[in-house]
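One chain is shown next in structure tokens, namely the form predicted alone.
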């Protein structure tokens, strides 16, 4: 059964069962991933998927149900289960089906040229990347992983108030993880690219960068414990922003799970820190013209020059605070309940180059990698204690590689201690929880446990 017919039958059945307002949320997509190991195809995944989530309000309660098949039996199942789930739902904050008529902006989220890429091209590019890694340097002992992937996804939302919107997105990413050896000293590193242009996946550039990074860690040692000036590089800073992005969620704030509660209009970061949520970002890998409730999205500065402007809202949390939704309603998939998430979420870059940033620091630490982010970072208190890698910096120049150190502190204090912001913004991989980016940032003081 096609979507149009399925929607008609579903909405008719929902009305018959007494639902006053309801919504159909449908996603479809596919991906192609090729991974190589020692010159042979190691993994090859090609899949497609689709599913529909139905939610409707009856007797003032919202019920959810989902299916992977669009047919007559699914219509009856969705309506029945949604009604049953609504009846057993505990009373809580009221949920809403969007009834407004918005104007939606057009975004550049889809590159039709990616549709013409053949599986053999993807495999060949992964093969070339691994081959290049071995050719880069005689110290390359192995290539732990080397992969190239294409993906595509469509989202469509229709509701009983006449909303019917759809958008499609796609992208490509590739990465290499070489292992280098010098005697008994073994190091590894990763380099990646993600975007919507296939040309971004340059096997030579990715392999060269990954090998260069791995070699740069050879001979790494610890440093004395103490307080250091530190540059946190763009990738590491983006990882931290990812882990702590939940503190800006209105739902977390309302539940007392964010220390930003009651801080609107107050300074929560350094005056040079601006944090943006931009679902309409040109070639941004997350976001879209509408959120998963059908609310039109828009660019917003969540933090401007250190001052907290807004939390991220969906309809439910916005109603509770008597404000408008920020268009940040999100569902992890068609089977999930409505929550809140950022889109393209990033620290706004400054105008200082990477080398210049090290010069401003003079002596200190360059932090390039963080480990244990999901176990060593407390999103409620903001405290963190993380294993780190990087380099000792002397007189503004990288000196020696550093490992076996732990950095500790609090994200709120760290944001307040930013003294310079670089211009080298970089985003990580997209996920249902958002795509996170940051330039490198200079921190005035960072606690380090070493030898």
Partner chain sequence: MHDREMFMSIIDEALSSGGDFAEIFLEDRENNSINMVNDKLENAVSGRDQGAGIRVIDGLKSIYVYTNDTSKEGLAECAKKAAGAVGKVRIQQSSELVEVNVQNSHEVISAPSSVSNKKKVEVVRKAYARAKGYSGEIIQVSVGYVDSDQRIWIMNSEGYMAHDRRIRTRLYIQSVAGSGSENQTGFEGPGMSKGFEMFEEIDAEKHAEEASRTAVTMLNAKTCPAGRMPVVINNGFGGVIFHEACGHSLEATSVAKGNSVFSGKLGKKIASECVTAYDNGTIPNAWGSINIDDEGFKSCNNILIENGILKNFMIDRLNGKRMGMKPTGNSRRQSYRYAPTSRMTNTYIASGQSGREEIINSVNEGLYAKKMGGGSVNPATGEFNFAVAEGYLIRNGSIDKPVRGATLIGKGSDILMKIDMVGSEVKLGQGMCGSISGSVPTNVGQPILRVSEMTVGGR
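Since the model is a prediction, treat every value here as computed from it, not as a measurement. Residue numbers count along the first chain shown, from 1.
Just so you know, the form predicted together with the partner chain exists too; it's not on screen, but the next bit is about it.
Margin query: Just to confirm the contact call: exactly one of 333-341, 201-209, 301-309, 236-244 touches the partner chain in the model of the complex at a 4.5 Å heavy atom cutoff, so which is it?
Written below: Only one stretch passes the 4.5 Å heavy-atom test: 333-341.
Check: the partner chain isn't shown here, but in the model of the complex which of 49, 395, 59, 400 has a heavy atom within 4.5 Å of it?
Finding: When the partner chain is considered in the model of the complex, the option within 4.5 Å is 49.
Next item on the list: Identify which of 197, 374, 101, 118 has a heavy atom within 4.5 Å of the partner chain in the model of the complex; exactly one of them does.
Entry: Answer to the contact question: 374.
Item checked: Output flag, 10, 76 and 147 jointly within 4.5 Å of the partner chain in the model of the complex, heavy atom basis -> Checking in the model of the complex: none of 10, 76 and 147 is within 4.5 Å of the partner chain.
Next item on the list: Report yes if any heavy atom of residue 352 sits within 4.5 Å of a heavy atom of the partner chain in the model of the complex; otherwise report no.
Entry: No, residue 352 is distant from the partner.
Next item on the list: Considering only heavy atoms, tell me if residue 319 and the partner chain come within 4.5 Å of each other in the model of the complex.
Entry: Close contact is absent here: in the model of the complex, residue 319 is far from the partner chain, nothing within 4.5 Å, heavy atoms only.
Check: Is residue 187 close enough to the partner chain in the model of the complex to count, meaning some heavy atom within 4.5 Å?
Finding: Close contact exists here: in the model of the complex, residue 187 approaches the partner chain to within 4.5 Å, heavy atoms only.
Margin query: Would you classify residue 255 as touching the partner chain in the model of the complex, given a 4.5 Å non-hydrogen atom cut-off?
Written below: Yes, residue 255 sits close enough to the partner chain in the model of the complex that at least one of its heavy atoms falls within 4.5 Å.
Checklist line | Residues within stretch 55-71 having a non-hydrogen atom within 4.5 Å of the partner chain in the model of the complex | finding: In sequence order, 64, 65, 66, 67, 68, 69 come within 4.5 Å of the partner.
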